[in-house]
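Single chain ahead, written as structure tokens, the form predicted alone.
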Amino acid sequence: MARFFFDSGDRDLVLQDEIGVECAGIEEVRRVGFEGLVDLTRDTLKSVDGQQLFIEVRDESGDKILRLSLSLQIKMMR
């Protein structure tokens, strides 16, 4: 298994994962990244129009291989 690093952040801040997670393949990387984005959303999403959260995944050599993101848009309907 290879080790992958799941950096997280928003537009203003990036937190680098220094420990990483061992994953069997890209499907597991996607699952772990998605779960991380859900947790990040639960912990940090505020009612701020235009807020963007993301998880970027790096492999052992430091190459970015995947980005998962979520943005909050508030639109008045009247």
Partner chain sequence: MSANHDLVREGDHPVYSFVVLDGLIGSTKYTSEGKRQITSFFVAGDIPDLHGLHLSVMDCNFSTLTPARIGFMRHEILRNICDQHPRIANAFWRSTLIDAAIYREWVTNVGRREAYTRMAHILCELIFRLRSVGRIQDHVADIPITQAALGDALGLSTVHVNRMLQELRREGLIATTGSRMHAIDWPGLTHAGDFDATYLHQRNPAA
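What you are looking at is a predicted structure, and each value in this text was computed from that prediction instead of being measured. Residue numbers count along the first chain shown, from 1.
If you look for the form predicted in complex with the partner chain, you will not find it shown, but the lines that follow are about it.
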{"item": "Partner proximity in the model of the complex: Leu15 to the partner chain, non-hydrogen atom cutoff 4.5 Å", "value": "yes"}
{"item": "Distance check, Glu27 to the partner chain in the model of the complex, heavy atom within 4.5 Å", "value": "no"}
{"item": "Contact test in the model of the complex: Gln52 vs the partner chain, heavy atoms, 4.5 Å", "value": "no"}
{"item": "Sequence-ordered list of residues in 5-38 near the partner chain in the model of the complex, where near means a heavy atom within 4.5 Å", "value": "Phe6, Ser8, Gly9, Leu13, Leu15, Gln16, Asp17, Glu18, Ile19, Gly20, Val21, Val32, Glu35, Gly36"}
